[in-house]
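Next up: a single chain in structure tokens, the form predicted on its own.
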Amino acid sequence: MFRSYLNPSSVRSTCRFLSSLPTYETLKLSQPKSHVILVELNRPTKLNAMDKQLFDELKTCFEHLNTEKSCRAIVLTGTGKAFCAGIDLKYLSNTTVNELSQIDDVARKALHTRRMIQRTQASLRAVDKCEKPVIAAVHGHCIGAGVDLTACCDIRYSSRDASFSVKEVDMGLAADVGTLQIFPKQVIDHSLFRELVFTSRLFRTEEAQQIGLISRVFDTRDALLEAAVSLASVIARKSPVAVQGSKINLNYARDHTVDDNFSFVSTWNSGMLLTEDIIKNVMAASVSKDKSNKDASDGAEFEDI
């Protein structure tokens, strides 16, 4: 099983680190590798469908990890049989029926609904705004809000049994928390992407790769998680100044013009080029230059930020 490859000698230090992390009812956190945090959506009996508590805890969790110095990379997955079956329909119906039924004025209903949407957007955007790279490991169903959640991740892997659906059109609305806002700037095949959005039909990993929703597919969930954690561990060994700065600049570039991007990075690097991590990398590269298949950053130890 996936967790069996943890190094027993690291268990003690892992437990010390985990004791400093908060606990949640709808999320499960663990540390499979040094500086790597595994975040699991933890409503398996509901196929990890998202309700108000999960939305709220997701925001709180990623805002915490954003400033958690010992965290350098994050793997996001789901417990049980599915990554995420979308928004919890019971939560959605209770919210729309119970809360809106108490408001008579149409304009006030609209304002209330707008605030509700913005709260949900803020929960998923906390993943996008987190300065630590987030790797989505998708298995089983990834529906509706689950696809929105993956849009907010930096890297997306899946197991071969994964299936996807941009489900919102079937519910009578346009996706409003990630899929239509982020993916259009990232997908490769816009024609197929629009087909999937307009029809809400289920699609598998082949089409998910074709449009650029996922980058790699693995035969089993265990292989998927092992690969995602291994990648996160490689990233976590790099300079945190360089990795987090790269994510900040990539997200900025996604949302701005080329000229804006050059201006932003020149200001950014005017400070970041002063980091001692550059010297450490150069020294590590010099030591390992005669060793084949050796990562240049091996041997360089970087401080948490």
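Remember, predicted model here, so these are calculated numbers, not experimental data. Residue numbers run from 1 along the displayed sequence.
What follows is about the form predicted together with a small molecule, which we do not show.
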| property | result |
| --- | --- |
| The small molecule in the model of the complex reached by all of 49, 145 and 177, non-hydrogen atom within 4.5 Å | yes |
| Listed residue (109, 190, 204, 81) with a non-hydrogen atom within 4.5 angstroms of the small molecule in the model of the complex | 81 |
| Of 89, 103, 122, 234, the one that lies within 4.5 Å of the small molecule in the model of the complex (heavy atoms) | 89 |
| Location of the small molecule contact in the model of the complex, chosen stretch of 160 to 168, 225 to 233, 208 to 216, 67 to 75 [non-hydrogen atom, 4.5 Å] | 160 to 168 |
| Proximity of residue 85 to the small molecule in the model of the complex, heavy atoms at 4.5 Å | yes |
| Partner contact for residue 45 in the model of the complex: the small molecule, 4.5 angstroms, heavy atom | yes |
| Residue contact check: residue 141 to the small molecule in the model of the complex, 4.5 Å heavy atom | yes |
